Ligand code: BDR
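This document starts with one chain, in the form predicted alone, laid out as structure tokens.
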């Protein structure tokens, strides 16, 4: 079976950590490296968390490069109310034993994309700051495809209008959606339809499964309190799963513009769902998900890890 080379650009974060574990457990992809960005927590914490998850799961061979420590123009904001003070509150993970590579994430991404003999898919699951900088500083190092977790057609989770990753750095997102690259947007419209419930948690097994159960115990408290959900959306893992199996998420080719002007609607992904403008499509936008298929895949892969 041929594998797809991927790079994961993330800000762990509970769902980023689970997305990383899913990528590590999946033979369909080859993880060329992990880059981190400030988002769910500060860059120092998201980088430490990426290394902690890799070390816990026995994948110390995967290199981590730290990237942007703040948005392009905006003030930094972290989601401590969702992910806790560490960014991965819940399990008692040991502190990282190793350090990220000396190279900045943007240069690391460019080098990995250029040196890969096969086209690379980039999966950003945090604010898009690193990717915007990659486009500006290394315009020749273009991934074949971007499958990002972010945005929404008609809802928000950090404001009524916007999803967290896009809201954090809307200027970066605007650059990415205007780049001409093959962009797939996996947003709240699909991730909120696939909830990891207590019944799913009960099927997790092994060391990694126990750690994920602890993550979800903490993460689920927020979703019960805010949304009344009887489970947690594993937002970022849906983006990875879509790369593994394109049949899990149904997408439509639509135009997406990012609101960078309004404070009320800052970071809104304005999706021309009904094609009411003359703007050309610039993204594949997730509209439906095979939630059972996604959740079964996630449980199976997590349980395959030692």
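Note that this is a predicted model, so its numbers are computed, not measured. Numbering follows the first chain given and starts at 1.
If you look for the form predicted together with the ligand, you will not find it shown, but the lines that follow are about it.
### Task
Quick one: from 188, 194, 176, 208, grab the residue that has a heavy atom within 4.5 Å of the ligand in the predicted complex.
None of the other options qualify; the answer is 188.
### Query
Just one of 105, 131, 149, 88 has a heavy atom within 4.5 Å of the ligand in the predicted complex. Which one?
For this set of options, the contacting one is 149.
### Query
So in the predicted complex, does any heavy atom of residue 232 sit within 4.5 Å of the ligand?
No - in the predicted complex, heavy atoms of residue 232 and the ligand never come within 4.5 Å of each other.
#### Entry: Partner proximity in the predicted complex: residue 169 to the ligand, non-hydrogen atom cutoff 4.5 Å
Taking the distances in the predicted complex, the answer for residue 169 is no, it never comes within 4.5 Å of the ligand.
### Query
Might residue 40 be said to contact the ligand in the predicted complex, defining contact as any heavy atom within 4.5 Å?
Contact check for residue 40: yes, within 4.5 Å of the ligand in the predicted complex.
### Query
Heavy atoms within 4.5 Å of the ligand in the predicted complex: which of the stretches 155 to 163, 112 to 120, 210 to 218, 135 to 143 has them?
Careful reading of the contacts points to 155 to 163.
### Query
Can you name the residues of 270 to 306 that have a heavy atom within 4.5 Å of the ligand in the predicted complex?
The stretch 270 to 306, when checked against the ligand in the predicted complex, contributes no residue at the 4.5 Å heavy-atom cut-off.
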